[in-house]
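Only one chain comes next, encoded as structure tokens, the form predicted on its own.
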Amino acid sequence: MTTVFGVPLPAILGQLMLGLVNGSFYALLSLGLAVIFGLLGVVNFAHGAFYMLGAFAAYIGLQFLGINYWWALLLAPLTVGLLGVLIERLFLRHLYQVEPVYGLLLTFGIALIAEGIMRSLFGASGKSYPVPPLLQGVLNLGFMILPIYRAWVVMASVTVCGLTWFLIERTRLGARLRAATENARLVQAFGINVPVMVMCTYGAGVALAALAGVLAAPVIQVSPLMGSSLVIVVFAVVVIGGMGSIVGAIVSGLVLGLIEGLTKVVYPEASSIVVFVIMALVLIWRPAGLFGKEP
């Protein structure tokens, strides 16, 4: 049997595929963070909490309202996105002209409040969310048996990431968003309502996190703490790709998921820190990130 680094090739390919699944979550979450920071300049530490709320929205919808997975993919991001709009209007809009650290502290507090509320309502233990019948079963790839749902996660994440990149980089709306971040007064002079645009941008970034939560619900246990550990890794991914870089968030998320999966086979002890080691090396070599613009 063919081996690489003393490990059978099928085992490596299998871990790379699982790493791609994790990378899909990293890419989708990092994309939301990059959109919010790149267009608003806000370090949104509540992103993990919105990811968790998206998963709980799907769980609550199924358990108490009979809303199935497919409707949850639409309604959960919309609901959490509206919550993000409310938070932006009530709190964040007052902090755009001050140091970014204040926005970070505010969103960190929001994350703690959200986790505390969900823990008091549902407890700290995880809740299971079933895989929808249409996506049950497995695919035989030859080197591994891949659950159909995990393949769906990769496809859905890559599709959403691609559409978001196209919207921001290749459409008139995206051009207006980028222009508003550079010179809000000039854009407003052309009759564009910049505050509403900013509000919708934050809501969209939050909705992306909630969508990732819905996709993750059948894969992991839905719990109040599911986003607190993941958000640290996602921030590292965003730093590696370049703060505010849409392409950097997508590419870095997918690639780092693959690297993490490979590390679990070659050197399992380092799998939990490899992303942070890469982040440190990137910051030393290129502080703006791989795809970020140098000041």
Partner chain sequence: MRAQIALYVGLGLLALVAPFLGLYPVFLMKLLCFAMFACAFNLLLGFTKMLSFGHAAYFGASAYITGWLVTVQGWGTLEAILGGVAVSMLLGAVIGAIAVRRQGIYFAMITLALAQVVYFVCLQAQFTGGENGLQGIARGSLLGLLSLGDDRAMYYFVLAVFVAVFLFIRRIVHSPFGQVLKAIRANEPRAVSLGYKVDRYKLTAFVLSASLAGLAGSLKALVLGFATLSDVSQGNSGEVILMTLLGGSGTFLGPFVGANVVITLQEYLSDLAGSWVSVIIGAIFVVCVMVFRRGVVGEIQRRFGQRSD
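If you superpose the two forms and keep the largest set of C-alpha atoms that fall within 1.5 Å, you have the rigid core. Positions refer to the first chain, counted from 1. Model, not experiment: these values are computed from the prediction.
Keep in mind the form predicted together with the partner chain is missing from the figure; the text below concerns it.
(message) For the partner chain, considered in the model of the complex: do all three of L105, R119 and A288 come within 4.5 Å of it, counting heavy atoms only?
(response) Spot residues vs the partner chain: full contact, yes.
(request) Using the partner position in the model of the complex, report whether V247 sits within 4.5 Å of the partner chain, counting heavy atoms only. (result) So V247 does not count as contacting the partner chain.
(message) Whether Y69 contacts the partner chain in the model of the complex should be assessed with a 4.5 Å heavy atom distance threshold; does it?
(response) Contact with the partner chain, no.
(request) May I ask you to check whether L90 falls inside a 4.5 Å heavy atom distance of the partner chain in the model of the complex? (result) So L90 counts as contacting the partner chain.
(message) I'd like to know whether V35 contacts the partner chain in the model of the complex, with contact meaning heavy atoms within 4.5 angstroms.
(response) Answer no; every heavy atom of V35 is more than 4.5 Å from the partner chain in the model of the complex.
(request) Let me know the one among L256, A57, A27, V239 whose heavy atoms come within 4.5 Å of the partner chain in the model of the complex, would you? (result) Among L256, A57, A27, V239, a heavy atom within 4.5 Å of the partner chain in the model of the complex occurs only for V239.
(message) Please identify the residue among I113, L74, L82, L134 with any heavy atom within 4.5 Å of the partner chain in the model of the complex.
(response) Checking each option against the partner chain in the model of the complex, the one that comes within 4.5 Å is I113.
(message) Can you tell me which of 165-173, 205-213, 186-194, 119-127 lies within 4.5 Å of the partner chain in the model of the complex, counting heavy atoms only?
(response) After filtering at 4.5 Å, what remains is 119-127.
(message) After core superposition, I'd like to know whether P268 moves between this form and the one not shown (criterion: C-alpha shift of 2 angstroms or more).
(response) Yes.
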